[in-house]
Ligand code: TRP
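We begin with a single chain expressed as structure tokens, specifically the form predicted alone.
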């Protein structure tokens, strides 16, 4: 079975080591599996929620695209695109917004954190909070559900968004699926050892904390950043505690098991923090040096990157466009021309095949049935004293005109001059009943030559 994997990075800044270890690297590794169908994108619509600097977003889109490719993403094997190049995504976002519960979105971590911050500052709870921030989980759900991703590589802090995508997708399936599952239920994929890397100060590595280690900047800038990693005050020769060291956690995320165990042992034996930082620099420089060179070559050729992204968008839309057509059909956004053609075809079929069948009961009374094209019984008349009365009712029904149809539960009845003359069978549900009412109307509509 092929597993579809999808992930993206918001285009609000230059990728750092945490982005690489937590999202880019595991995603690229997963894309090389023979049973993987991978979708990777630049989340530039998401960027508009966080950033109102157009030049920053423009630069970030370039840098992040170059980062993916420099890190080894094979665009021949995967679908690589910008979110904003897929117009079906914002349309799907609206369809999902119409089924997403406000209570669900109230529980989103980012929204709750903003509200809590406002309350602590004595502000209005929603001060400065945009609808973009509030409905961010719906846009992320559209990203995931548009391509029916089975797995979504995310940091631990993003698991909730994958769970919300499941909730919203299930709701849509329930309301509009009519037995069909439009959306598969995605699962969050986390590489436990590097799900969230610590930054220079020990907090999660994040641009908002200004505690990141640059990914593809020069070696000197990387070395300078590593030198600022916060450590304890233990001197060379004193035993260090690797399990409580942010530096060791970073080293462990990139080193082999053997090299990690060696550094652990050396720290316990009193290796100085300066020497440990030098080892981390050498490790990262060795792993990222070639990718860094590829990155800078790509940055200098933005038109080539644009061509790659447009090719990826075309590939993505070959899936998104017809799928959105199915979803539009499901919610009732259908072409009137298509509806007219279907009605015409149904009328012709109904007029040729619908027929009245008269019969006599054992008690001597007369009744008739109206059968649809497929033989389904649409109506069974009440009892009439003689065949002439039954025939008069069938002729009156065949003449057309406004039908007095009264529904009750899963069935309906037909009335003439305020007298019930026929009843339908009981249907499975009200939807089936309503479909039968429509079939009845078409069957009794006189056809024009």
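Numbering follows the first chain given and starts at 1. All values derive from a computational prediction rather than experimental measurement.
Beyond the structure shown, there is the form predicted in complex with tryptophan (TRP), which is absent from this document and is the topic of what follows.
Is it the case in the model of the complex that 197, 216 and 250 each bring at least one heavy atom within 4.5 Å of tryptophan (TRP)?
None of them does, since no heavy atom lies within 4.5 Å of the partner.
Among 229-237, 136-144, 325-333, 372-380, which stretch has residues whose heavy atoms lie within 4.5 Å of tryptophan (TRP) in the model of the complex?
Of the stretches listed, the one contacting the partner is 136-144.
Position in contact with tryptophan (TRP) when the complex is considered in the model of the complex, options 284, 152, 86, 92, heavy atoms within 4.5 Å
Spelling it out, the residue with a heavy atom inside the cut-off is 152.
Please tell me which of 245, 158, 114, 148 lies within 4.5 Å of tryptophan (TRP) in the model of the complex, judged by heavy atoms.
It is 158.
Do residue 50 and tryptophan (TRP) come within 4.5 Å of each other in the model of the complex, heavy atoms counted?
Heavy-atom contact with tryptophan (TRP) at 4.5 Å: present for residue 50.
In the model of the complex, is there a heavy atom of tryptophan (TRP) that lies within 4.5 Å of any heavy atom of residue 10, even though the partner is absent here?
Because a heavy atom of residue 10 falls inside 4.5 Å of tryptophan (TRP) in the model of the complex, the answer is yes.
Heavy atom of residue 43 within 4.5 Å of tryptophan (TRP) in the model of the complex
Residue-level check for residue 43: yes, a contact with tryptophan (TRP).
Please check if residue 443 has a heavy atom lying within 4.5 Å of any heavy atom of tryptophan (TRP) in the model of the complex.
Taking the distances in the model of the complex, the answer for residue 443 is no, it never comes within 4.5 Å of tryptophan (TRP).
So which bits of 393-425 sit within 4.5 Å of tryptophan (TRP) in the model of the complex, heavy atoms only?
If the 4.5 Å heavy-atom criterion is applied to tryptophan (TRP) in the model of the complex, 393-425 yields nothing.
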